[in-house]
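Given as C-alpha cells, the chain that follows is alone and in the form predicted alone.
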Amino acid sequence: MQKINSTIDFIKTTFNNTGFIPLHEPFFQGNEKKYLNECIDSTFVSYLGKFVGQVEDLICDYTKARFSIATVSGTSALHLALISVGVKEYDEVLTQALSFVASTNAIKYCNASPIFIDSDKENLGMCPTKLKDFLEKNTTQKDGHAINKTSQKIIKACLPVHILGHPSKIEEIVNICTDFNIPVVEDSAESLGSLYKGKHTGTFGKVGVFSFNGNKTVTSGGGGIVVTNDKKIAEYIKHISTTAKKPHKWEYFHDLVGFNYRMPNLNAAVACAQLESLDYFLENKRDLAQKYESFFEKIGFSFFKEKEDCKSNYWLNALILEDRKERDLFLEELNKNSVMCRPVWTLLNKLPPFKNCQTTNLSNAQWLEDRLVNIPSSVRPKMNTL
C-alpha cells in the first residue's frame, strides 16, 4: 500500500491538483476559438469548408504521407481503409486481441471476420513471431491470396495496432505480410507523433489511420484521418467517403454505395488549431513520461517506456504491475482517491460479438491484460513543465 499511496501523492503533485485528475483531457491553448468563429462566420460548417483541406495538408506535412482524407471518426477511417484494400463479406483480417474495440468493429462493418494474433510483451503491438508462425502453419497461396486452411476464406488484410502510442514492430510485420500477399492497414489511432526508425507510424503499410477523438493527443471532438501513398486508394476513399457522388454543378449521381464519412469543417477547424500545438503537446507529454519513469524506478513499479528504434508520443502512460491482484488493488485505491486510472481493454476475443473468432495462443495478451494499467497522461499547463 505504501507504493500506491506514494503514487497518489506524486500524481497529485505533478498535476498540481488535489481534486479529480482525469486520465486524459483535451488541452486548448491556441487558435481553436478563433478558427471556430471563422468557420461559423463563413457558414461552411460541413465538409466543404476550407479547414478540411487544411487539416489534410497539415497531416501530410507532418507524417510525410502523400495523401490524407479527413473523416468523422477514427473508426470510420478504419472502415474506409479496410474497404480500400479490398476487404469484403466473408473475408478475414488478421488483427490483435489486445486493442480497443474500434479496430475489430471496423472489420465487422465489412462483414469480414477477425483472426486474433497474440501481442508482443516488448512493445504491446502484434507479435511478428506469432504472426509468421500462424501464416506458415495455417495458410496456403491461391491466385495471389493467402487462404486460411481452416475456414478456406481469403485473409484479405492485416490490421496491427500501435498500442497507447508505442510503435509496434511494424517494419517486420509489413515484411511478413508482403511475403504472404497480405496488405497492411495500420491502426495508428493512438500514435500521432510516434516514430519507428525515424519514420512516422501509419506510413509503413498500404493505408494508415489516425484518430482525433476527444481523448487523443490532438482532438477535434470527433474525427479521424486516413493516410496513404497510393493515389488511386486516396481518390477512392475520398469518393466513397462523400456518398460516392460524381462531381457536377447540380446533378446528384452516385456510382457506388458510399458513406457520409467526411469530417465537417467545424471539427477540422479545431483540429487545425490543435495540430499547430502538436510539438508542444509531445514535448509536454515526454516530460511527464520522464517524471513518471524516474519516480516509479525509485519506488519499484515498472513503468512502460519506449523501446529501441521507437519514439513514442506517450499518449497514455502505463504501468506493468505484478499480477491481476495488484492491478485491481491499484485501480481501486487510485480511483477512490480521485486519480482516474484504467486497466487495458478486455481482450477482444472475450467479447460476445467476437468470442467464436479464430485465435493464436494469446498468452502474452492475457499476461498484459492482467497487469497493465493506464495512469493520468494529460498535457499540463506550461508552468508545470521543465
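This structure is a prediction, so every number in the text was calculated from the model and none was measured. So that there is no doubt, residue numbering starts at 1 and follows the sequence shown.
Another form exists, predicted in complex with a small molecule; not displayed. Remarks below refer to it.
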* For K169, is any heavy atom within 4.5 Å of the small molecule in the model of the complex, or not? -> no
* To do: Considering only heavy atoms, tell me if D120 and the small molecule come within 4.5 Å of each other in the model of the complex.
  => no
* Answer with yes or no whether F100 is in contact with the small molecule in the model of the complex, where contact means some heavy atom within 4.5 Å. => yes
* Asked: Is there a heavy atom of G208 lying 4.5 Å or less from a heavy atom of the small molecule in the model of the complex?
  -> no
* Structure fact -> In contact with the small molecule in the model of the complex (heavy atoms, 4.5 Å), from 213-221, 147-155, 195-203, 229-237, is stretch 213-221
* Structure fact -> Residue within 4.5 Å of the small molecule in the model of the complex by heavy atom, from I173, A269, V87, V161, is V161
* **Residue (of T139, N284, T75, S113) lying close to the small molecule in the model of the complex, criterion heavy atoms within 4.5 Å** => T75
